[in-house]
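Take a look at this one chain, the form predicted on its own, written out in structure tokens.
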Amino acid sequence: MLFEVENLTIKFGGLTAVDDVTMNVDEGEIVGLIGPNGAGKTTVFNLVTGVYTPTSGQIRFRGQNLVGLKPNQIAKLGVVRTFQNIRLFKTLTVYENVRTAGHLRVPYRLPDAFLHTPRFDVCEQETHEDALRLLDMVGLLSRKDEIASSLPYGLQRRLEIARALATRPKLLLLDEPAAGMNPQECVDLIEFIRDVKRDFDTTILIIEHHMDVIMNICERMYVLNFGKLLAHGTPAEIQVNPKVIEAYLGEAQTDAED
């Protein structure tokens, strides 16, 4: 088992945002995490990546407990995420965004950087070449010198994923990568995520509201509602699950009344 959470719970005062959630992801899978707005999906990601510390429960990656580790320590272990609201280094170039992330993996130390030792020079050249390869793979090489914030929205999403890939994650957490995309961009994203899984030999856990995206790429799915695990199964099973249908219809009814 690559990744698992067991009886995961977090409380903020009197509010239980995630309530006794248990789930797992096998190596090589693309697994979906869905649910109505406010279900606790992003909170799960924040717990996994060390932004929050759970009130109770276990989070294990390759058998190692992640609870209590800092976000940078978790990233070094191979668990890396993107964000629901894009968080690029907006004043840096496209190239600089990816190269900066690549430094998470460099083996040289501070004295090497100060003295420009041979190890430093070799590592910097490798990081430079890797950033260019990644940008080429995601279709952004020709825009490498542009400021990140100047890219169209869909390309900013690709850049954020490329930046995450620069760390060589073994588990990539994607938080609503299709948010704000038009139908054609969603189709392109599906193929892009499949390419990422194949080319980088990575496992993916994805939060997404676009059902056409999530149903087309996931092998299994977990459904949260009000912080609790509501259902688990294949996309075909989830689509016809009465509890899931009721949860989403309830959300749609609330939106209509608002």
Partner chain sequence: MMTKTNGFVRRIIVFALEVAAVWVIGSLLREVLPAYPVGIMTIFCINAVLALSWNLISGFTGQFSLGHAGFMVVGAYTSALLMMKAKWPFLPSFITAGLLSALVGFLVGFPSLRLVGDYLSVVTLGFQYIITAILNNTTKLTGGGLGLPGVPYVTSLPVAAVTLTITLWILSNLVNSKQGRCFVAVKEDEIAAQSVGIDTTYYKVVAFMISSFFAGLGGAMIGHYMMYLHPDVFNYAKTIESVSMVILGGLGSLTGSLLGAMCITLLPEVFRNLATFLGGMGMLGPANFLRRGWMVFYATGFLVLMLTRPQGLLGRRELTWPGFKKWIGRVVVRKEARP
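Everything numeric here is computed off the predicted structure, so don't read it as measured data. Residue numbers count along the first chain shown, from 1.
This protein has a second form, the form predicted in complex with its partner chain, left out of what is shown; the following refers to that one.
**Q** Taking Ala101, Ala113 and Arg163 together, does each of them reach its partner chain in the model of the complex with some heavy atom inside 4.5 Å?
**A** All three within 4.5 Å in the model of the complex.
**Q** Just to confirm, with a 4.5 Å cut-off on non-hydrogen atoms, which of Thr117, Ser150, Gln84, Asn182 contacts its partner chain in the model of the complex?
**A** By the 4.5 Å heavy-atom cutoff, the listed residue in contact is Thr117.
**Q** So its partner chain isn't shown here. In the model of the complex, which residue out of Asp188, Glu146, Asp121, Asp136 has a non-hydrogen atom within 4.5 Å of it?
**A** Only one option qualifies, and that one is Asp121.
**Q** Given the stretches 137 to 145, 150 to 158, 123 to 131, 173 to 181, which is the single one in contact with its partner chain in the model of the complex, using a heavy atom cutoff of 4.5 Å?
**A** Single hit among the candidates: 123 to 131.
**Q** Taking any heavy atom pair closer than or equal to 4.5 Å as contact, tell me whether Lys70 reaches its partner chain in the model of the complex.
**A** So Lys70 counts as contacting its partner chain.
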